[in-house]
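Below you'll find only one chain, the form predicted on its own, shown as structure tokens.
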């Protein structure tokens, strides 16, 4: 599988990496890994089964046996995600689920349990992997490593707008506080902390909109993989 190209896009929540990664995978006609969804699924499933995050052995065992499937239909839409045969696509994107994911992601045994599953996404013709340690731990040999970042205040504003657009009541100051707390935990954990890979290209998106970030990413792809073809976002 080492001949199958991989592009990793890492960064904190709200940096734009999810939208950029999905769009890039569509443009390339490659597979897409949303690694954050796996951790959110472990956090959500563990909570539903009343497994305490302090019980590292039980939560790691749950991660190993995680009964999940991703259904892709419309290429312009996010995949539908099922946990134990129940669709949880919307619930996974809540702030509560994000907090649970950050907690379980700090457990080394959980990260080890999900490592092989993430690497299994590497299939021809290629993979775009979105996460926090894709370029440092999961695919350290990736052909191109991109690290998207933005200030906590900008990321909170983006999340605030997303939630308000969905009709969800949210407090901006609380969002900034939550993002700072999550950043601190993600960047200080003992295993696979949230840091750019040594050979990653860092792109600060604080003053950029999505089209501008997408243009920069396409430029990086063409430089690193001149033989690949970039189509339109819809296919």
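Treat the numbers as computed from the prediction; the structure is a model and nothing was measured. Numbering follows the first chain given and starts at 1.
The same protein also exists as the form predicted in complex with ligand DC; that form is not shown, yet it is the one meant from here on.
Though the partner is left out of this view, residue 145 does not reach within 4.5 Å of ligand DC in the predicted complex, counting heavy atoms only. Taking the partner from elsewhere, residue 152 is found to have every heavy atom lying beyond 4.5 Å of ligand DC in the predicted complex. Using a 4.5 Å cutoff between non-hydrogen atoms, residue 205 does not count as a contact of ligand DC in the predicted complex. In the predicted complex, no heavy atom of residue 127 sits within 4.5 Å of ligand DC. The candidate site formed by 8, 139 and 140 is entirely out of contact with ligand DC in the predicted complex, as no residue has a non-hydrogen atom within 4.5 angstroms of it. Comment: 31-39 is the region of 31-39, 44-52, 57-65, 167-175 lying near ligand DC in the predicted complex, near meaning a non-hydrogen atom within 4.5 Å.
Contacts to ligand DC in the predicted complex (heavy atom within 4.5 Å) from stretch 84-103: 93, 98, 101, 102.
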